[in-house]
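One chain follows as structure tokens, the form predicted on its own.
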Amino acid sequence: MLKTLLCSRLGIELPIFSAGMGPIAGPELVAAVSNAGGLGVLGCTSMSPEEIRAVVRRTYDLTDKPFGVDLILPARIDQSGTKMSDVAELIPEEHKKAAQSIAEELGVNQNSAVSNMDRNALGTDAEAQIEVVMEENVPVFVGALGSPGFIAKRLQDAGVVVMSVVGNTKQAVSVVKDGAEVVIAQGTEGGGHTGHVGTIALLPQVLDAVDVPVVAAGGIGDGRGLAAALVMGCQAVWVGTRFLATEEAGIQGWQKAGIVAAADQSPVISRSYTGKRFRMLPNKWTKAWEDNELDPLPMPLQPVLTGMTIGPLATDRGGKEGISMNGAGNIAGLIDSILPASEVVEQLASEAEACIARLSSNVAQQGEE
């Protein structure tokens, strides 16, 4: 009942994609989703090309089903690789002092927090990263931010399906013009990097504006959301927060518990980690930047500043609450348990089928009356 044309094109059974949420979306989570019939997507933005190759090969060890790789392609940033140490030189001294002061107040051990400054800065290593995607024959590439124009044809020539995440209609039209074959339209309710337009308002406008398959994202965490997206005309859903609260998600137990305990208004928008709008559960780091007279810097400056003071993106920090970045969307208020990822896929599918069957029955009954 749920299989769409996009599913057939990708060789999957269910129109359910797990979002590429940085290193949180590792091989175990991705393989579990793909093995259950959906499309798992590795989050590889913060990884070196060698690290990407390793997680891709590990995923191949765990599944023979299709999966994808997600990378950030920020606009107007050189894609040939820029060292964190070079970016650090561009950070204003007042921001360095402010970040160090915040870190000290939070009890961060500065010696252990400093990143490997020889690594490339977030979002500046796309050329080398994408080469690995093609060399390893990954079937799907997702550009989480920015345009795929500089690489789309090469990916397509290698047999890779090119998808782009957008937050408004203008972006959707632009990425399709630049070679995106599938648009993932994410409403502001979504966790992680997100835009300003609500999902229900965004989807019909994007569906009308582009002639490629559209995947719904932002605020989708159960079968009702999947059914609504399909009825609207989307060909799949992109689900993040619900897959964070799974056994395979690569975050600490207390972070998963925080999502289960969250209400719909708990997640907030903060630029304190990456310099871009990022929806997450608030913590001491986000609060400190809200109270600071200085605004966070744009990408890639802010993530480098974060790495210099509390660690690169602070995705786990050894489980230190108050510092770790804990992305989550507003759908967190609907989540009440931590489940195996395969069970989440099965629940989404069965609930959606029940919703569609109920809708069909209601329409038929009204017609008889």
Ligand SMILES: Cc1cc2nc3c(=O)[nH]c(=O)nc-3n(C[C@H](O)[C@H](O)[C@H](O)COP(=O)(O)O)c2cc1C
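Given the structure is predicted, the values throughout are model-derived calculations rather than measurements. Residue indices: 1-based, along the sequence shown.
Beyond what is shown, the protein has a form predicted in complex with the named molecule; the following relates to that form.
Check: Can we say 24, 189 and 192 each have a non-hydrogen atom within 4.5 Å of the named molecule in the predicted bound form?
Finding: Result yes, every residue of the spot touches the named molecule.
Check: Exactly one stretch in 297-305, 32-40, 327-335, 55-63 has heavy atoms within 4.5 Å of the named molecule in the predicted bound form; which is it?
Finding: Looking at the other structure, the answer is 327-335.
Notebook entry, point to check: Quick one: does residue 19 come within 4.5 Å of the named molecule in the predicted bound form, counting heavy atoms only?
Noted result: Although the named molecule is absent here, residue 19 would touch it in the predicted bound form, with heavy atoms inside 4.5 Å.
Notebook entry, point to check: Any chance residue 240 has a heavy atom within 4.5 Å of the named molecule in the predicted bound form?
Noted result: Contact with the named molecule, yes.
Check: Should residue 245 be counted as a contact of the named molecule in the predicted bound form, where contact means heavy atoms within 4.5 Å?
Finding: Output for residue 245 is no: heavy atoms all beyond 4.5 Å of the named molecule.
Check: Is residue 144 close enough to the named molecule in the predicted bound form to count, meaning some heavy atom within 4.5 Å?
Finding: Yes, residue 144 lies within 4.5 Å of the named molecule in the predicted bound form.
Item checked: in the predicted bound form, the one of 148, 213, 219, 167 near the named molecule [non-hydrogen atom within 4.5 angstroms] -> In short, 219.
Notebook entry, point to check: Can you pick the one in 234, 206, 72, 175 that has a heavy atom within 4.5 Å of the named molecule in the predicted bound form?
Noted result: Looking at the other structure, the residue within range turns out to be 72.
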